[in-house]
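As structure tokens, one chain now follows by itself in the form predicted on its own.
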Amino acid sequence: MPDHFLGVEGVSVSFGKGEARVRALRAVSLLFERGTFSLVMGPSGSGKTTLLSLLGCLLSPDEGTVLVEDVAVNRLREVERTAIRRKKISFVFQAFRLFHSLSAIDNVALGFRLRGGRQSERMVMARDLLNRFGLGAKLHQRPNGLSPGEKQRVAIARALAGNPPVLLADEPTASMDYQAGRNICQILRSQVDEGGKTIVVVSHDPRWREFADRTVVLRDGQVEQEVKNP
């Protein structure tokens, strides 16, 4: 039996109207099993970010079904989708999206607050996460004083606050040098192996291939190739 933990079934998404209408996804079906690491690749305009937006409950398809923990989330009310997104799904972006007025530890503590962590525990848990990511000496540093690799580690720590089961990442290593990018790959891989996370990374970066359990290639809004990595 397939694991319907996370995925899309027969989804199509279009943007615009009339002659300007663009079909971003065309009857795509993909399932992501619990505790696996999937890489989604493809040229610009292939539908990668649209797929991630569907999985993250940020977008509803024109046709088809989006599944999160075996629940057809696109059939729920917006308030219910928002609750699922907040509790079960976290995001990591290329642009980090940290609050520049807050220190590293305050950025991560905010993640615990959004997922309902107790106020008395937030700073302790945020400190622990940052220490695990090698940022114990940068707890009170603001984003402007961090390197790109350090910013991304803070962003990942914030995304993991509250232990959501699903992590979605959009081009998380695009602006990094080789070693910094590889460190991010290793951190996310460890979240699958040690924490049982289900992770989907969208990227052009070939470094991710050796860390993923499978690679999906999209082209023109359809699945062109799906390969399980050895």
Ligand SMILES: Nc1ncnc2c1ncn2[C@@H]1O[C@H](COP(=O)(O)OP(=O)(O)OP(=O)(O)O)[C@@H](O)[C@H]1O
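None of the values given here were measured: they were computed from a predicted structure. From 1 onward, residues are counted along the sequence shown.
There is another form of this protein, the form predicted together with the ligand, and it is not shown here; the text below is about that form.
- Although the partner is absent here, T50 lies within 4.5 Å of the ligand in the predicted complex, judged by heavy atoms.
- By the criterion of a heavy atom within 4.5 Å, Q179 is excluded from the residues contacting the ligand in the predicted complex.
- At the 4.5 Å threshold, heavy atoms of A212 stay clear of the ligand in the predicted complex, well away from it.
- At a distance threshold of 4.5 angstroms between non-hydrogen atoms, G196 is out of contact with the ligand in the predicted complex.
- Checking 26-34, 182-190, 41-49, 66-74 against the ligand in the predicted complex, the stretch whose residues place heavy atoms within 4.5 Å of it is 41-49.
- The candidate spot formed by F15, V22 and H204 is fully in contact with the ligand in the predicted complex: every one of the three has a heavy atom within 4.5 Å.
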